[in-house]
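There is one chain below, alone, in structure tokens, taken in the form predicted alone.
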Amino acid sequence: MKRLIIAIDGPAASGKSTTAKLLAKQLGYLYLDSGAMYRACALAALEQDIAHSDIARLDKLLETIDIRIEYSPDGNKVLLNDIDVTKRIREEDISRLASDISTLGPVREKMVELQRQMGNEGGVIMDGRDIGTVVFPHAELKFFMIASAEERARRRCEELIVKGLEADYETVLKELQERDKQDSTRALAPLKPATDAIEIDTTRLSIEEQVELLYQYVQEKLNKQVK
């Protein structure tokens, strides 16, 4: 039976990343974390003291960089030039740089190239903001997850509190709304659902319900292949 390519897009805090990880585990698929790949690229630039505005040096870096995500029962490993950087890329300095570097055309082109290489054989789930429209436009299943801004702000606040950080609801809500506007209006790969994406409103769904709903769609797709 063919293993699918599954694309999950949506705005911040819509539940897509958590759902993608759990669904991948349930299906025995590889979860391709697009954000982790941009973080690894940011780390490579930092290690070579390359500013995100130095396009010439970034272009040279991108010619040789190798980023891979490998399945592990304890959580996927992110490899930068064969070195495990899974923990390092989650540190705050990398988060800030990754946000800047991910907006650059050459960087996005390279990451899309690597993502397609890893996903070509199928059996992958990838989430982001342009997976179904740019990275895998021919994915067998595409989902676009949404939720009200108010619910997403509540979720984000809960995440921050769990991490021991301060969380002001109104501030978080405003930041999410600004991020939504920025993502949907950017010139390069704007956030929008693919024409054949299945929209999933997660506002009133638990994570378990989200995973189960998407799992049912996957099973329906696989059953049609068998027939």
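Throughout, we count residues from 1 along the sequence that is shown. Predicted, not measured: the structure shown is a model, and the values here were computed from it.
As for the form predicted in complex with a small molecule, it is not shown, yet the points below apply to it.
Asker: Which of Glu47, Asp54, Glu159, Asp183 has a heavy atom within 4.5 Å of the small molecule in the model of the complex?
Answerer: Exactly one residue meets the criterion: Asp183.
Asker: Tell me, out of Lys110, Lys142, Arg155, Arg129, which residue has a non-hydrogen atom within 4.5 angstroms of the small molecule in the model of the complex.
Answerer: That would be Arg129.
Asker: Counting only non-hydrogen atoms, choose the one of 90-98, 147-155, 116-124, 68-76 that falls within 4.5 Å of the small molecule in the model of the complex.
Answerer: Of the options, only 90-98 has residues within 4.5 Å of the partner.
Asker: Look up in the model of the complex whether Arg179 has a non-hydrogen atom within 4.5 angstroms of the small molecule, and give yes or no.
Answerer: Yes - in the model of the complex, heavy atoms of Arg179 and the small molecule come within 4.5 Å of each other.
Asker: Whether Thr202 contacts the small molecule in the model of the complex should be assessed with a 4.5 Å heavy atom distance threshold; does it?
Answerer: No, no contact at 4.5 Å.
Asker: With the partner left out of view, is Thr86 within 4.5 angstroms of the small molecule in the model of the complex by any non-hydrogen atom?
Answerer: Contact check for Thr86: no, nothing within 4.5 Å of the small molecule in the model of the complex.
Asker: Residue-level contact is defined here as any heavy atom of the residue lying within 4.5 Å of the small molecule in the model of the complex; does Gly35 satisfy this criterion?
Answerer: Yes - in the model of the complex, heavy atoms of Gly35 and the small molecule come within 4.5 Å of each other.
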